[in-house]
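Okay, so here's just one chain, in structure tokens, the form predicted on its own.
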Amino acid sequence: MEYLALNNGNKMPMDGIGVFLLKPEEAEASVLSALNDGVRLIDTANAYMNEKAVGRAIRRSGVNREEIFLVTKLWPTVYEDENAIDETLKRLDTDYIDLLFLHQPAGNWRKGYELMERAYKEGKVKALGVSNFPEEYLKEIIDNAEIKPQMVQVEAHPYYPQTELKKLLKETGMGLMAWYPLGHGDKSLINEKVFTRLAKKYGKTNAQIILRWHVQSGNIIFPGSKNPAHIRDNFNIFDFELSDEEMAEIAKVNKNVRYYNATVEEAQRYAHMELDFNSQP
């Protein structure tokens, strides 16, 4: 495993597993499989409705909690809830969260960030982040927050490498977690000639080449899967390294095209999307 040093002195595994769109029983099985394979980064969220399942998988794995980097996200409807973080901890059956995000730029996110700062001071959260936030909101947090964020989570892949955002992150020492790391499974991206050629050269799959590109670009990745073999393959990217010339060749694939294009205004609907997080099995 390779690690990213966060701007608060903590370190974070650069490859893990995500459980977006997985039913509780699927999430539990996938996380357990990943932990058994040596994966130590898990990404979930209030809104995925599988936090309890993630907690069960961690317990069943027998892996020490201190070895696992656990990530989750607060949903906009609980940004003003004083008990939201404690309820999240209870669902995950843990005393602390390694990285906590505001999930969407909606609702009273400023209050939500203040509550995360309080939890950080209390030791309930080890790092703070924002997900899907536009740069103007991110800059506001950087300029005004008592505790600067350690991470952003956004769509990123070779077709949309977040070049401009990463300039800002470099100035602040913040890291980037890339969702849709394989371009939402777009075959046009995965089957680009450069990936096919490099896959043949290194004895890897096209997807593994792309995931390796992410890591060497400094991106944290957490591809989701229900397939144990795919989970294992997604983690098997640390026994080779792309050359500078190959990284430069991949950079030419950039089309400045992303797959998720919701505006801040459209994201506001999440502030009214009530979910019963504690009803999950």
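If you're wondering where the values come from, they're calculated on a predicted model, not measured in any experiment. Residue numbers here begin at 1 and follow the sequence given.
Absent from the display: the form predicted in complex with a small molecule. The rest refers to it.
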*Is every one of N108, Y113 and K139 in contact with the small molecule in the predicted complex, taking contact as a heavy atom within 4.5 Å?*
no
*Hey, of 242-250, 225-233, 27-35, 62-70, which bit sits against the small molecule in the predicted complex at 4.5 Å between non-hydrogen atoms?*
225-233
*Can you check whether E51 is within 4.5 Å of the small molecule in the predicted complex, heavy atom basis?*
no
*Non-hydrogen atom contact P181 with the small molecule in the predicted complex at 4.5 angstroms*: yes
*Mark L89 yes when one of its heavy atoms lies within 4.5 Å of a heavy atom of the small molecule in the predicted complex, and no otherwise.*
no
_Partner contact for I190 in the predicted complex: the small molecule, 4.5 angstroms, heavy atom_ = yes
*Pick from T94, N132, Q162, Q150: which has a non-hydrogen atom within 4.5 Å of the small molecule in the predicted complex?*
N132
*Which listed residue (G203, G173, G185, G123) meets the criterion of a heavy atom within 4.5 Å of the small molecule in the predicted complex?*
G185
